[in-house]
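Single chain ahead, written as structure tokens, the form predicted on its own.
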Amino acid sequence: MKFVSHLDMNRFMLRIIRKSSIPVWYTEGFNPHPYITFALPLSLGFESEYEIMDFRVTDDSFSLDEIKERLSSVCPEYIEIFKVAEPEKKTGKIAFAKYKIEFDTENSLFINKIEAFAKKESIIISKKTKKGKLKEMDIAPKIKEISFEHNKMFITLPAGGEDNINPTLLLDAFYEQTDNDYVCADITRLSILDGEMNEFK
């Protein structure tokens, strides 16, 4: 599933909602379709334990439990609906995302090197702007939290809005600025957080 693009996931969830027969709000115009939004689109190749999809139900008689049951009944086994709830915050309140990066090696020398690099006072990277231009920036001050456990890195970075840091920027900088051979890594988004570091709901 991590190789399914965000646009394809969007189409997939539209089909799921249609199959569930839940009365959702449709867009207006020539080609109406159920209006759904994802709080923070997931990068291709990433796994996730916490994704949020927002949609509006037009019939208030449908309980949250019934909506969850209907969606779950038409989902394939590799997609799970964990919870259905009323939104508490607007997506503009999203400020951070926490990731787990698991490296495909137990080599302590490699782990020590990337830990030392990730904890440097300055890490200059090149990031492409929305206009396609490369801009240099220092991401070290933007790392909110970072810790290591065996071959896993846990890192919290700015997310949403203009200040959105993808963890692959840190990995790319590490390989470009050191002489280490590339090591495969699985990246999983663990949670989405607001400015007070509380789980976004």
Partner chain sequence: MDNKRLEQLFLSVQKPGRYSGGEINSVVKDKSKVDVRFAFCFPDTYEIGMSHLGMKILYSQFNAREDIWCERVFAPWIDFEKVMRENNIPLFALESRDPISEFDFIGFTLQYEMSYSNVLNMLDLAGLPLKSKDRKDLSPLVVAGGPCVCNPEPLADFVDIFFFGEGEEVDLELIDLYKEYKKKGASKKEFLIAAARIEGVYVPSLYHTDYNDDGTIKSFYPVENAPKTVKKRIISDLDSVHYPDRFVVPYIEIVHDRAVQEIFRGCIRGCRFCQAGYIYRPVREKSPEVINSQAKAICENTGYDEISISSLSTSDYTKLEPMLCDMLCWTEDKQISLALPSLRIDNFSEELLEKINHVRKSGLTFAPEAGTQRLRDVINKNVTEEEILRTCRTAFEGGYTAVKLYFMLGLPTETDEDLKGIADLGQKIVDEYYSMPNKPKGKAVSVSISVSTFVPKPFTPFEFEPQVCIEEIRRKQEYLKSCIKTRKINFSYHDSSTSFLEAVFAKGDRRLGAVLEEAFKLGCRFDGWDECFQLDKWLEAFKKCNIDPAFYANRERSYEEINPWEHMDCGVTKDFFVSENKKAKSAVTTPNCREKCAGCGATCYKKGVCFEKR
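Since the structure is predicted, the reported quantities are computational estimates derived from the model, not experimental observations. Numbering follows the first chain given and starts at 1.
A second form of this protein, the form predicted in complex with its partner chain, is not displayed here; the remarks below concern that form.
Contact with its partner chain in the model of the complex, defined as a heavy atom within 4.5 Å, is made by none of 54, 92 and 162. The stretch in contact with its partner chain in the model of the complex, judged by heavy atoms within 4.5 Å, is 39-47, chosen from 60-68, 39-47, 129-137, 154-162. Taking the partner from elsewhere, residue 193 is found to have every heavy atom lying beyond 4.5 Å of its partner chain in the model of the complex. Residue 148 falls outside the set of residues with a heavy atom inside 4.5 Å of its partner chain in the model of the complex. At least one heavy atom of residue 16 is located within 4.5 Å of its partner chain in the model of the complex. In the model of the complex, residue 82 stays away from its partner chain, with no heavy atom inside 4.5 Å.
Residue 104 is the only one in 83-110 with at least one heavy atom within 4.5 Å of its partner chain in the model of the complex.
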